[in-house]
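Take a look at this single chain, the form predicted on its own, given in structure tokens.
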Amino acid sequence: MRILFLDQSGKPGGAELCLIDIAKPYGDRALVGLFADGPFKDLLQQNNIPVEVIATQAIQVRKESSLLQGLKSLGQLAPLITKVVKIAREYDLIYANTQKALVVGALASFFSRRPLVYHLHDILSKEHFSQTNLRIAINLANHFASLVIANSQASKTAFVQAGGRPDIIEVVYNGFDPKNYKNDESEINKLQQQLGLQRKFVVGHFSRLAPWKGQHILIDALAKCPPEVTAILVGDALFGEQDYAQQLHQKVAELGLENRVKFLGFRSDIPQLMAACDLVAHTSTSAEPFGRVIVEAMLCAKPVVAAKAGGVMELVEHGFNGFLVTPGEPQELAQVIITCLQETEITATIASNARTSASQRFDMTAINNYIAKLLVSKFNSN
């Protein structure tokens, strides 16, 4: 089966990392068409996945965009759709990995007469999308997609509640290769020394800096913890969120936490940094569709404390393989951090359970095989 994958981003986020894992087994039988240039293209090339940047300028529509803003983008979309239609005729199906890719992929599917798969990495709700964008996504999926793959039951439920067809959607969790999360202890010790983390209780937060990702919640919680508790914030501002990044620095200064919070920016050594932590915190204030960093931390045998909403509740069983806290509650988060600091044996057991359950539930090979079977059964091709 030859697959044309479409993705709007030039930067690797959770959806893009998932796409690498799905596209890689297809080798030369796949092409990833990107709507923006950037480091994601380089990452695809490093994984020997054919890639082409097929848009000459970024599509100026965001999740919160209005109908008028969407109409203004039509001039950009026409030449892009024409190009995708031409490419799609060389492939068996179109696989849209993001919402903008769904818009282009749906129209290209119609004109090229190629079936469409939509991989849903979002919770389609008013908290995350404008009403216009919600209607567009649901209508395009209902009328053009033969299959919608949701990354969690929470994403599926939101899709159906928003009017999506329940007969075309399947839940498939993200897959991971456990080998990528085995770390050398001497290298981790060296990393801790470089970052000045020795003899500290380190809480890691791994996400772009954005208000709904809730880094401010962790900073507020840190102020309520003993002085040996330190936080590392891995990630930086994207999509015009630099003001929030500045607010975080100001909050750290106001609370006198300059020596206990380290802003590390974007990093490629995520498994190593997670292994250098004692606890990984997930603090999203809105429901997360999946929670990739949670599974990554589990595979690194690290305990996780996560905001109790959305797909996260499908990953974490409180007290068994992690901890769940009420979103937006720094006091509750601080209490879990203190518990992990003091109850080392219980925390170690939870971390061990986390690695075992994540390795069993999110094995990349098994999940890729399942997706391949879905595609073959749906499109009767080989």
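When you see a residue number, it is the position in the sequence shown, counting from 1. Since this is a predicted model, take the numbers as computed values, not measurements.
Not pictured, yet referred to below: the form predicted in complex with uridine-5'-diphosphate (UDP).
Requested in this report: Tell me the stretch among 88-96, 205-213, 142-150, 301-309 that has any heavy atom within 4.5 angstroms of uridine-5'-diphosphate (UDP) in the predicted complex.
Outcome: Contact criterion met by 205-213 only.
Report task. Heavy atom within 4.5 Å of uridine-5'-diphosphate (UDP) in the predicted complex: which of K156, R114, R292, K100 fits that? Just give me the one. Result -> Going through each option in turn, the one that passes is R292.
Report task. Tell me, out of K190, H249, K182, R267, which residue has a non-hydrogen atom within 4.5 angstroms of uridine-5'-diphosphate (UDP) in the predicted complex. Result -> For this set of options, the contacting one is R267.
Query raised in the report: Can G14 be called a contact residue for uridine-5'-diphosphate (UDP) in the predicted complex at 4.5 Å between heavy atoms?
Result: Yes, G14 lies within 4.5 Å of uridine-5'-diphosphate (UDP) in the predicted complex.
Query raised in the report: So in the predicted complex, does any heavy atom of G235 sit within 4.5 Å of uridine-5'-diphosphate (UDP)?
Result: Judged by the heavy-atom cut-off of 4.5 Å, G235 is in contact with uridine-5'-diphosphate (UDP) in the predicted complex.
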